[in-house]
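Next up is one chain by itself, shown in structure tokens, the form predicted alone.
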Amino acid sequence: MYQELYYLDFIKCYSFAKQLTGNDQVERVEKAERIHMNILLVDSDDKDRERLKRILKSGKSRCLVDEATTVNEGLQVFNSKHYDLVLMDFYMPQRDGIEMLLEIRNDRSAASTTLIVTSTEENETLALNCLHAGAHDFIVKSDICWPRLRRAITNAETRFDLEGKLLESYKNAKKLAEHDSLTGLANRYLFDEYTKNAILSHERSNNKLAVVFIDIDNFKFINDAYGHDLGDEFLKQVVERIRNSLRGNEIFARLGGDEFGLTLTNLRTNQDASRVAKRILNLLDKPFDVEDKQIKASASIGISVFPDQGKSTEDLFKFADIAMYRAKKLGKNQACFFEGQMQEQFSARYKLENQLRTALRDKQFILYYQPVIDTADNTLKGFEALIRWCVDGKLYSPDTFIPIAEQSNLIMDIGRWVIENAIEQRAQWQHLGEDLSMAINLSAVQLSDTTLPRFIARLLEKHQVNPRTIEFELTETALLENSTAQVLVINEIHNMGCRIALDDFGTGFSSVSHLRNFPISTVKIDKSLMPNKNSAKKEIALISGLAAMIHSLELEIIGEGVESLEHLELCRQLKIHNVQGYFFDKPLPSYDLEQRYCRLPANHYV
């Protein structure tokens, strides 16, 4: 490292030297004149050595001078103790002064020793070669005097200071280039370089190496709810907790945002990596106390193993990322090892994601509308807007692409397209009835968009649509996070006059607390609860109990999945006033729906 610094451009060193005050230089000169100095003379000429000793003793400094006549002898003497100054002749038998310079410069203990090469001839090329090899000065023997030596020593000390500053600057720059500024962990570049070298060393052994990717679950909601400053402090606490659990010989890196990486070396089995992953999950289970707020955390972890799943950093990183994605898809807060079939599924997902981007650009989406019918007189009460993806004349239902849109965040743009087109269509259908409702589905991901209420308000004003005719449907899964930002978005939509409906009630994560904590006006009983011909009394009692509870809360009910006259009669008995299902109509494109509901009498289905 020091040797590299000696090759720096002289002008850079000079610019630093100019920063030193005149007092600094005077102090150095006075110091050089009064301190005790250990000096080594390496010269094969006896007369020249005697002359140099006389010059050294003529100065005010107290010098202790040792002598050597060859390079080998000089190196042996040099290694016996510390020297402040080495004066060496360039032309010596067997080996010359440059060889001695190079050996001394490779010795870090000699970093503060002033090295001066002497010669009987004045040779510019020779002088430059010596300076490049690490000499602090090159002096023709006839020019040697104490003031000249004193000046050389002072300049060398100045150079030592400059090199120290440059080295410190280099170390700081290197740290910035290789470490994350927030957590102090290695960054992606250093993580990549370390893993490459670790793979090379493991190729010569039978041990395994594991790449572990760690993604903090729902970190975006923490940022949205509490702000980025608290989010940063939370991440630092997560890092500290994980770091304290490691052996210390792994590399732990922040790869970006809330994603981290570990490279575990010298593993005997895959279970060694699994134990580390489980330990991390257990550590995160205890809530974090951040600025007097209790924050619960979990992580999704993906693991790939060398040489089982890959033999290059590119493959190991890619496979660990895919495994981490699988851990998230399976419900988060768990670890997954990469398996071959994951690659196929990932490739299919990646292909579908690209196709969705094309669909947005080329306007391949279309809205279908399913009627909502009043059970009292079978009249039209409203519609539910349902997106379809049309490619080469083939329609794809939301189940095939909405999950991918949510994971890739494309749902933000797709969701806004649905909202805009549904509200515009509602404006065009004013002639079908002023009070007809238009239901629009909202994804949980969309609820993190704090600008969404303003977007909806602008559309309502633009198309002159009454807000109370627009109903936004949320699934109970979307309400599980219950973050501050999410609640704010829901309340803003409600406060502008739009209605909020709870979709698919009675399945999955059904919770009465959602009916109490959110401004819900309508509950849609899931179609899976509609009894079939073989249904037991218990199933009928279940839907009856749900209907009674919702009525007691004075909320409206919509029964989904009404596919038979029996379903319709059951809904009438339970006072479920609004229904939708194939008994009346499947989802229809706007033209077909207009033709049917503009021309047919209201009691068509009686």
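One-based numbering along the sequence shown. Computed from a prediction, not measured in an experiment: that's the story for all the values here.
Form predicted together with a small molecule: not shown, discussed below.
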Consider the chain as shown here, without its partner, and state which of D89, D504, D224, D258 has a heavy atom within 4.5 Å of the small molecule in the predicted complex. D504
Checking I280, V238, I387, L356 against the small molecule in the predicted complex, the residue with a non-hydrogen atom inside 4.5 angstroms turns out to be I387
Does the small molecule get within 4.5 angstroms of any non-hydrogen atom of K328 in the predicted complex? no
Using 4.5 Å between non-hydrogen atoms, is I402 touching the small molecule in the predicted complex? yes
With the partner left out here, check for me: in the predicted complex, does some heavy atom of E50 sit within 4.5 Å of the small molecule? no
Although the partner isn't part of this model, could you tell me whether E99 comes within 4.5 Å of the small molecule in the predicted complex, counting any heavy atom of the residue? no
Is it true that I411, Q446 and E563, all three, sit within 4.5 Å of the small molecule in the predicted complex, judged by heavy atoms? yes
Among 568-576, 540-548, 553-561, 38-46, mark the stretch whose residues have heavy atoms within 4.5 Å of the small molecule in the predicted complex. 553-561
